[in-house]
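Okay, so here's just one chain, in structure tokens, the form predicted on its own.
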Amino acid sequence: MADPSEKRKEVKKKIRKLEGLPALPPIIQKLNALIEDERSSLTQIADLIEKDQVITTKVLRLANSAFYGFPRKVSTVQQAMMLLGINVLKILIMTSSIFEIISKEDVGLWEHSVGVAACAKILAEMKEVSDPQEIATAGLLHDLGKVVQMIAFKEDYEEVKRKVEDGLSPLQAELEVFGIDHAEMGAFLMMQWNLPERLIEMVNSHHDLSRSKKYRKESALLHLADLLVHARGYGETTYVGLPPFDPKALTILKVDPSEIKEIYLKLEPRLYELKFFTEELKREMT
């Protein structure tokens, strides 16, 4: 068996070079320059994005899906930008090819990710955490490390699945094979992409709250959203049962166990809508 510390270095080196991962869209550099220029207007930014029809279609589809839960249809990029914020829109563009891969390669993981995004937004609104759209996006990205494993380390990913079938917990299996778990792997890729620090910390600590230093409330929120969607049985991941849960999440968020029922009542209609969204994606792929 490979030395986990050596494997860890190899994994990080590969992610640093983005080997085996989809290239970032060329539009990103132009978009960054426009966003950083204080003289740029929302119209100029929207015009740039709309020049790329493929990205525009993907962004509008994601903006209209139930994990953001907007009451009316988002029909233009400018409207999406005003509702989601430039930060979230930029992240959606950067990661649109990743989402496309998840929805094609592993529909179960895609369903789980969008379910966690919807649940995270509901929790953020209930607990008055700032930028619920950004929190939903963290939910969407929380298992990004699994996608990295799936597309850039195919053989190792199969080895992880075999170890899980033999009775090892998914996190332990990942540590044995990669020397790093999917949460840290996803956070490391997000660092390479210069995504917001809050999102990176949430993703890194969604299975281990001790990793959270600055954004404890947001990390606890993602930890709880992940568990609730697992418990609901929406989508599929490498977990057969539930991932480990830290009860401190309830304390940090000031969630009373009686509120869980309220969360599920709000979540259920969203999951129902999301089912149509993923079914439509599946139809397009066949």
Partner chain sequence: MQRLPLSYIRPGMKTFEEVVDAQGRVLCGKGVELTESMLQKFQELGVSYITVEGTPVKLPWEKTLEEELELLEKRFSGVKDEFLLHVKEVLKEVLMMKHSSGAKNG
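Numbering follows the first chain given and starts at 1. Just so you know, these numbers come straight off a predicted model, no measurement behind them.
Only in words, not in the display: the form predicted in complex with its partner chain, which the text now covers.
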Task: Contact segment among 239-247, 55-63, 34-42, 213-221, judged by heavy atoms lying within 4.5 Å of its partner chain in the predicted bound form - done: 239-247
TODO: Decide whether Glu273 counts as a contact residue for its partner chain in the predicted bound form under a heavy atom distance cut-off of 4.5 Å.
DONE: yes
Task: in the predicted bound form, Lys261 touching its partner chain (heavy atom, 4.5 Å) - done: yes
Task: Contact flag, Glu279 vs its partner chain in the predicted bound form, heavy atom cut 4.5 Å - done: yes
Open item on the list: Within 4.5 Å, heavy atoms only: does Lys30 come near its partner chain in the predicted bound form?
Closed with: no
- [ ] Would you mind checking 226-246 for residues with a heavy atom within 4.5 Å of its partner chain in the predicted bound form?
- [x] Leu227, Leu228, His230, Ala231, Arg232, Gly233, Val240, Gly241, Leu242, Phe245
